[in-house]
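The chain below stands alone and is given as structure tokens, in the form predicted on its own.
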Amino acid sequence: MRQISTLEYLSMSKARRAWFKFSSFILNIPRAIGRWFRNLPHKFGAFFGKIGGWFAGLFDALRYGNWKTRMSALILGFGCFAYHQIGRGLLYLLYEIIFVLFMVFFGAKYIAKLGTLGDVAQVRDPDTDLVLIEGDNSFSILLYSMLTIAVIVFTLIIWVKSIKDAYNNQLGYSIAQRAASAKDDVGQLLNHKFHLTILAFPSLTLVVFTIVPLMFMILVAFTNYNRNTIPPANLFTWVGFDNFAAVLTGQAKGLSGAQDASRWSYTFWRILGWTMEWAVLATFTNLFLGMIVALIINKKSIKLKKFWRTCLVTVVAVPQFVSLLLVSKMLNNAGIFNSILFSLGLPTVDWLHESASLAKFMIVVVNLWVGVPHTVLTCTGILMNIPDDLYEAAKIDGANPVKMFSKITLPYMMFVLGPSLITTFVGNINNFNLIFLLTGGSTGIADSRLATQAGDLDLLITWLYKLTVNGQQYDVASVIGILIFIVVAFFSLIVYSRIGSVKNEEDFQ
């Protein structure tokens, strides 16, 4: 799109300006993506530069350190013992002993089999079904290998710190500076390093219960772990990018048993299209309708404001799954809506299972009932904080209500709601409750082109749930999870970098 001057832009009509902004945003997305990829080497360079700077001290210590410092590379804490830091030296030495025992009796045997995920399959007696040979467990090998790698990385950090502490003690000793005692270390951890003390346990639990399982699930996408290879009775192994090729292009062969790879690809792109369509509809219908209702309630001429706000709070207070289960009963064949139609002599309608188009329309309508109260309450808080001086000044200048809304109210609300819109959009992409509790992800109309467990109303997240819980196809489910993350990260980063509340942070302060 060609660049236009400010004069050309101001000479446009409002409709043409709106279209120009929208088309500019869409056309600039590839440019923004290209810019992000061009800056990626610099970001990686800065990241690895920081890591290199951290290791630079290690190279200096090994190069210029004395024999006591260098011995710390073999025996953790040796440099601390040599300079009378007994407490710190004991901790380093104790950790090294624990690490060696951990690797000898636990971690090494799993790391050794990580390349194959097991070689010996379990053998059972065909008559008694008793286990004759226990065999390898691919699941345990992969999971505990991830845990062992996390321990090794942490040990590397401890190892570097031990050498650096020994070198610092050497430098301090050369200028007759006393090394910090155990009492000094405890005092630091309770004072200016207190944040490390507080964050140590949460960081440990984050690694063990979040990062390690997350890495495990990512690696599952590169295996053939499914209902046909569930341990310990069976072994699964690495398949590289075959799962991604099947889901994205339909080219891989023999994925998850009898399923044809082309069906996986067809299903993924169809469900992705509906997921994005749903996320856009759900986000913007809630936004604009909620904004209109909030403006109506907050008008000075409207009475019983507290009553209307209480009604909205009541809707929000009811657990969403209760509301959705109730609505699903109301919309079924024997529900209240069909009872009313029948009593009026009109034909009944299967609102959620007659056709995909009708079901999708009803899903969006139900989402308005569930989501609009949240938007109204948020917008109400924003409206209450818009300075009245702005409206009074606009009235003095002769602005009508439409002008005041377009120039004051709407920009202010969109400025504040910008980051919230991203969160709402992401939440709708992963809106499991509404789709699954309302429809189960399907109208019940068969489509032979869809892969196993998929329904014509499924979002990616509900299909992922069915693949894992019902289909036990963990390899494809892991691929879907990674692709959901990529989609969410893509839209979040692109939109977040372009919204006014990020680019012009001081505008409404």
Partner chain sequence: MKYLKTSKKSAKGAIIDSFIYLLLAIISIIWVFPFVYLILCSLRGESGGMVTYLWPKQITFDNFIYLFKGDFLTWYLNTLIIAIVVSIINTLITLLTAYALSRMRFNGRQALMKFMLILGMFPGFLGMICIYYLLNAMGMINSSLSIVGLMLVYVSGTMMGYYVSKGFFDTISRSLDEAAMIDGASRAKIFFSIILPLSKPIIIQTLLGAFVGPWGDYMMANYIVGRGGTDFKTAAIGLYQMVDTLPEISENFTQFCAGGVVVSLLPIIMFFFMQRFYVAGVTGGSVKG
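Just so we're on the same page, rigid core means the largest C-alpha set that superposes within 1.5 Å between forms. Numbering follows the first chain given and starts at 1. In this text the structure is predicted, and so the values were computed from the model without any measurement.
Unshown form predicted in complex with its partner chain; subsequent notes refer to it.
Chemist: Can you check 288-296, 148-156, 69-77, 90-98 and let me know which stretch has heavy atoms within 4.5 Å of its partner chain in the predicted complex?
Modeler: Single hit among the candidates: 288-296.
Chemist: Taking its partner chain as it sits in the predicted complex, is P202 in contact with it (heavy atom to heavy atom, 4.5 Å or less)?
Modeler: Yes - in the predicted complex, heavy atoms of P202 and its partner chain come within 4.5 Å of each other.
Chemist: Any chance G250 has a heavy atom within 4.5 Å of its partner chain in the predicted complex?
Modeler: No, no contact at 4.5 Å.
Chemist: Answer for V495 alone: is it within 4.5 Å of its partner chain in the predicted complex, judged on heavy atom distances?
Modeler: Looking in the predicted complex, residue contacts with its partner chain do not include V495, since no heavy atom lies within 4.5 Å.
Chemist: With a cut-off of 4.5 Å between heavy atoms, is F102 one of the residues that contacts its partner chain in the predicted complex?
Modeler: F102: no, not in contact with its partner chain in the predicted complex.
Chemist: Under a 4.5 angstroms heavy atom criterion, identify the one residue in W269, F321, F241, F361 near its partner chain in the predicted complex.
Modeler: For this set of options, the contacting one is F321.
Chemist: Which one, Y144, F222, F81, W278, lies within 4.5 Å of its partner chain in the predicted complex by heavy atoms?
Modeler: The residue in contact is Y144.
Chemist: Scan 356-375 and note down the residues that get a heavy atom within 4.5 Å of its partner chain in the predicted complex; none is a fine answer too.
Modeler: Residues within 4.5 Å: L368, W369, V372, P373.
Chemist: Given a core-based superposition, decide whether the C-alpha of S357 shifts by 2 Å or more between this form and the one not shown.
Modeler: No.
Chemist: Fitting the rigid core first, would the Cα of K395 be found 2 Å or more away between this form and the one not shown?
Modeler: Passes the 2 Å threshold, so yes.
Chemist: Core-aligned, is the CA shift for L344 between this form and the one not shown 2 angstroms or more?
Modeler: After core superposition, the displacement of the L344 C-alpha between this form and the one not shown reaches the 2 Å mark, so yes.
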